[in-house]
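This document starts with one chain, in the form predicted alone, laid out as structure tokens.
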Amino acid sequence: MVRCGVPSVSRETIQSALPHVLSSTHLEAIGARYEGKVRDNYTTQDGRRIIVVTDRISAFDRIIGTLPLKGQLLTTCANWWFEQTRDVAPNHLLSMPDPNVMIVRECRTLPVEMVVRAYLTGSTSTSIWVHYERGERSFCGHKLPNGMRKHERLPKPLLTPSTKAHDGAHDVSASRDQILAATKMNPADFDAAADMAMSLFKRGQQLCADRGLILVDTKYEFGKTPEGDIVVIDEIHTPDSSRFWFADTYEDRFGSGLDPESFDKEYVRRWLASRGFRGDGSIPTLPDEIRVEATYRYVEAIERLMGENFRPHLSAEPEARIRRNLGLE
């Protein structure tokens, strides 16, 4: 498949957005506020949640800074994927009134992240490659063959769930039985979410392959509605939650022992790791050129995935725009 052209948003445009990143919001007038790593959440009285996707970026389970326009990119991408996968698994999305905002159904979050992996790769403490490199041949209850190389395709996609860490703690990859013992969650809920995760990953692989991409691995979060239905929440198949490689260069680069070409958050992870940061200790400051390049790669990823141009909303006061679009001003 022919590689897409240059992303429609230039590095100069991204550079111009640097002074106006959305690092946090204060919209308590619409409901109780809860701050996640990337999202500011507001619970309303009528059973909805207002999710504001900020420009914060996390890596190695730490908030490491901001990327210009990142929140808009993630919201656009998640909205597109939710629409593409409604027939595979129900989700919580109701509407998208602003480039940084999703209005969703309020759900009770299941205490597990459903991670699906198709390749032996990764650099974080929860990654399958880090465990394999240490000599471990069992990962989250799955036996792994000897003699595999980094970035090699696994015999089949594996469900490798992890705990949901809070307040700077690290996620822990675990087997189904270990997750159930640690969380005390209903086994039927776990299994229903696990089945949805595998179906979503299969659909994601198919759509990515049509665009000359490899969906390497991803994570899904699930919640339960007041009626007791399990639905997909948060986001799916974005460059924040997923790893993507270019299909047309993967085999050659793998055969040469090179890292695959990627355009996801791995670019930032590798930069941090090259400076000795893997989640502990002080966080290196991201230079502006790294922030711009990371966003540029996000644009490339999302345009490639959706097959259409990303149209940024450049605003000197993004929170004021959000307030207007939510009817608060």
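Only a predicted model underlies this, so the values are computations on that prediction, with no experimental measurement involved. We number the residues from 1 along the sequence you see.
What follows is about the form predicted together with a small molecule, which we do not show.
Asks: Candidate spot K37, R105 and D234, all three in 4.5 Å heavy atom range of the small molecule in the predicted complex?
Replies: Yes, each of K37, R105 and D234 comes within 4.5 Å of the small molecule in the predicted complex.
Asks: Residues in which of 46-54, 23-31, 299-307, 268-276 have heavy atoms within 4.5 Å of the small molecule in the predicted complex?
Replies: Careful reading of the contacts points to 46-54.
Asks: Could you check which residue among S199, T109, Q206, Q178 gets a heavy atom within 4.5 Å of the small molecule in the predicted complex?
Replies: Contact residue from the list: T109.
Asks: Just one of R86, R253, K164, R211 has a heavy atom within 4.5 Å of the small molecule in the predicted complex. Which one?
Replies: Selected option: K164.
Asks: Is there any non-hydrogen atom of H92 lying within 4.5 Å of the small molecule in the predicted complex?
Replies: Yes, contact at 4.5 Å.
Asks: Please check if D171 has a heavy atom lying within 4.5 Å of any heavy atom of the small molecule in the predicted complex.
Replies: No - in the predicted complex, heavy atoms of D171 and the small molecule never come within 4.5 Å of each other.
Asks: So in the predicted complex, does any heavy atom of D189 sit within 4.5 Å of the small molecule?
Replies: Answer no; every heavy atom of D189 is more than 4.5 Å from the small molecule in the predicted complex.
Asks: Report yes if any heavy atom of N41 sits within 4.5 Å of a heavy atom of the small molecule in the predicted complex; otherwise report no.
Replies: Result yes; N41 sits at the interface with the small molecule in the predicted complex.
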